[in-house]
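What follows is one chain in structure tokens, specifically the form predicted alone.
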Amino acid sequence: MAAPLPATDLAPGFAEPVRQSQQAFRAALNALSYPGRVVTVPGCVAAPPLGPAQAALALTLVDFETPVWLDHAAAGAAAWLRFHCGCPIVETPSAARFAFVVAPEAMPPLAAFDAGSDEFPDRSATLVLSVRSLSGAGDLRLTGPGIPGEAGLGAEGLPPDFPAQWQHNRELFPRGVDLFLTEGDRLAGLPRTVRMRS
């Protein structure tokens, strides 16, 4: 893994941390409350290789008690995350509470991440994936809490067997991972309660 960069070489975090983290938190909550709805995250920051919405979620939801796993394509963000969030970077997906994935087509299966336990399902991992395109209409059909009837979701760049992986994740309920899909400054939430078909 790359050596940490001096702080002066790191991309900045939020210019207004309190306001911007509140805005990002509201966007994340909105996305999870209405699965399939694509929302814009205000006040995003640039922290390549993480996308703007990924970086905003990291600054808002990750701290020194949050083990983070990065896929190979996101590994360059390790020093930025350590500096701004104080989080430990872990080597294995199963040890992470948050995972940031820039190349989801090559990511480990969802089953490789911590799904929590029956006693503590809230201790499962949350994955934040960057996809090539994201829209509120697409081949993925979603049903479940927060969705009136059925919702469509378009996300280009997911693994080909993602619907099958998600079905297995859903069957673990109340255990299971939760996801955010991001493109640029936009995101959509996929809580484990959602059913998916393609």
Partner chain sequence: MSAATAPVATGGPETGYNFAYLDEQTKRMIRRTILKAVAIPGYQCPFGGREMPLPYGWGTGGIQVTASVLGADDTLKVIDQGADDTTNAVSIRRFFERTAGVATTERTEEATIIQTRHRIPEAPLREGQVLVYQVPIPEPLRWLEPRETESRKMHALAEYGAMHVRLYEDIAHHGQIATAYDYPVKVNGRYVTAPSPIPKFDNPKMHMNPAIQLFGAGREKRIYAIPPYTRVESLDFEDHPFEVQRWDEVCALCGSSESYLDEVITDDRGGHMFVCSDTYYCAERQAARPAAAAPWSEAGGSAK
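Note that the structure is a prediction, hence the values are computed from the model and not measured. Residue numbers count along the first chain shown, from 1.
One more form of this protein, predicted together with the partner chain, exists but is not displayed; see below.
Asks: Using a 4.5 Å heavy atom cut-off, state whether residue 164 contacts the partner chain in the model of the complex.
Replies: No, residue 164 is distant from the partner.
Asks: Determine whether any heavy atom of residue 38 comes within 4.5 Å of a heavy atom of the partner chain in the model of the complex, and answer yes or no.
Replies: Although the partner chain is absent here, residue 38 would stay clear of it in the model of the complex, with no heavy atoms inside 4.5 Å.
Asks: With the partner left out here, check for me: in the model of the complex, does some heavy atom of residue 141 sit within 4.5 Å of the partner chain?
Replies: Judged by the heavy-atom cut-off of 4.5 Å, residue 141 is well away from the partner chain in the model of the complex.
Asks: Consider residue 12 of the chain shown here, and say whether it contacts the partner chain in the model of the complex, taking contact as heavy atoms within 4.5 Å.
Replies: It does not: once the partner chain is placed as it appears in the model of the complex, residue 12 has no heavy atom within 4.5 Å of it.
Asks: Name the stretch: of 43-51, 131-139, 30-38, 150-158, exactly one has residues whose heavy atoms fall within 4.5 Å of the partner chain in the model of the complex.
Replies: Heavy-atom contact with the partner occurs in 30-38.
Asks: Counting only heavy atoms, which residues in 52-81 are within 4.5 Å of the partner chain in the model of the complex?
Replies: Heavy-atom contacts within 4.5 Å come from 59, 60, 61, 62, 63, 64, 65, 66.
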